[in-house]
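First comes one chain, alone, set out as structure tokens in the form predicted on its own.
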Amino acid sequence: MNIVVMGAQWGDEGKGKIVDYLAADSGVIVRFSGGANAGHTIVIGSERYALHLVPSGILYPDKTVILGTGMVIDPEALFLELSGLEGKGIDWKGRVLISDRAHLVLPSHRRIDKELDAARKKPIGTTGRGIGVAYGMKSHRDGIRVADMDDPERLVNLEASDRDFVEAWRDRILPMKVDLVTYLRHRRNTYVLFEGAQGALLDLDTGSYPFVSSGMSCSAGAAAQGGVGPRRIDRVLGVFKAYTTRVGNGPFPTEFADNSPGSLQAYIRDTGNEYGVTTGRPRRVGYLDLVALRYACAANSIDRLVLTHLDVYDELAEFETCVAYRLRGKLVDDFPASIRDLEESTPVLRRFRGWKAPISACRSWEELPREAKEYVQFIEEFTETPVSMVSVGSDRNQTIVRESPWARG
């Protein structure tokens, strides 16, 4: 059985925790897109693990994780991350594989990335890690894949420093390479998790272009870049927060206007620890955008939703959620393609009662306060998509499962 776990907002939804939780029942975890610009945090007891390139299932000692074909991989960043995991007692050797069709991020890519964004009159706000440039080189057919690292004819067009970089890492990367399609073909009866990076609204084609990632963060990316075809995807899980966040520039219709100390934005940012795992930048925070979430569900054939950070609302007497936009005097209930329209949209809000009680100890749907369940049920009705899991804390065991994603049917 093959399950895709993807972000249903602008990234940072808690996908890492959900993949880690579901990995207990899977045999292989494949990260199908993105690079070291992504960040997934996993909390197990008092230990926190920050992952950027390595798929989230690595923390289980018996799981194989694969960096997929759609990823762009900086070898230096990868081995720094693996060294950090090893320092925390994680034995990764022999369990971390890399698709031989994945592309490399080279030193020149990082330099060009920073130069391009600095030259833009309206910067996109990239992480400067060379991700977009690597994807651009891939599209220009000038990229270097893992499979090309020992082919002198493929390296001949690189500048000297990039060629030296590839040669320096070649002997460490090549023993980890795998033909992903063949590998998964021989494991048809294995439970496979496909882990996405970023989120639906950052997808290159269906997101808020041009303020998007350069890769495929949509569910289709799992089939296009994960080593299987679309008919072999059994279920798509979309992870979203009880509110909405965004990192970097770009339209954000439901962003809180007040960012001052003591504001709702500051409260949610601090309570939810809304700071980038990769960059440390404070995330922009706003109301849950149900218009955007419903769009993400439709655009990605999301079968089930996974709600995270619900516990952040524990102390609020009431809160609001966006159910439509107001644009130039008109009511809009669909997610616009135009950046100008998104920038000029203001949220139409619906108010909900809070529960004023801690829910982090809840382990079943029945234990949740009535107000929390009513909020979840409204989301289900609006998006026409069931919420099958609810996260009530950052720890692995703070997860309510209403329906197992692995259940067929």
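Predicted model only: the values in this text are computed from it and were never measured. The numbering used is simple: start at 1 and walk along the sequence shown.
Keep in mind that the form predicted in complex with 6-O-phosphoryl inosine monophosphate is missing from the display, and what follows is about it.
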Item to check | Non-hydrogen atom within 4.5 Å of 6-O-phosphoryl inosine monophosphate in the model of the complex for each of 38, 198 and 249 | outcome: yes
Checklist outcome for this item: Note: 6-O-phosphoryl inosine monophosphate not shown here; in the model of the complex, the stretch from 140 to 148, 230 to 238, 126 to 134, 315 to 323 having heavy atoms within 4.5 Å of it is 126 to 134
Item to check | residue 20 within 4.5 Å of 6-O-phosphoryl inosine monophosphate in the model of the complex, heavy atoms | outcome: no
Checklist entry - Could you tell me if residue 281 has a non-hydrogen atom within 4.5 Å of 6-O-phosphoryl inosine monophosphate in the model of the complex? => result yes
Checklist entry - If you check in the model of the complex, is residue 202 within 4.5 Å of 6-O-phosphoryl inosine monophosphate, heavy atoms only? => result yes
Next on the checklist: I'd like to know if residue 212 sits close to 6-O-phosphoryl inosine monophosphate in the model of the complex, meaning any non-hydrogen atom pair within 4.5 angstroms.
Outcome noted: yes
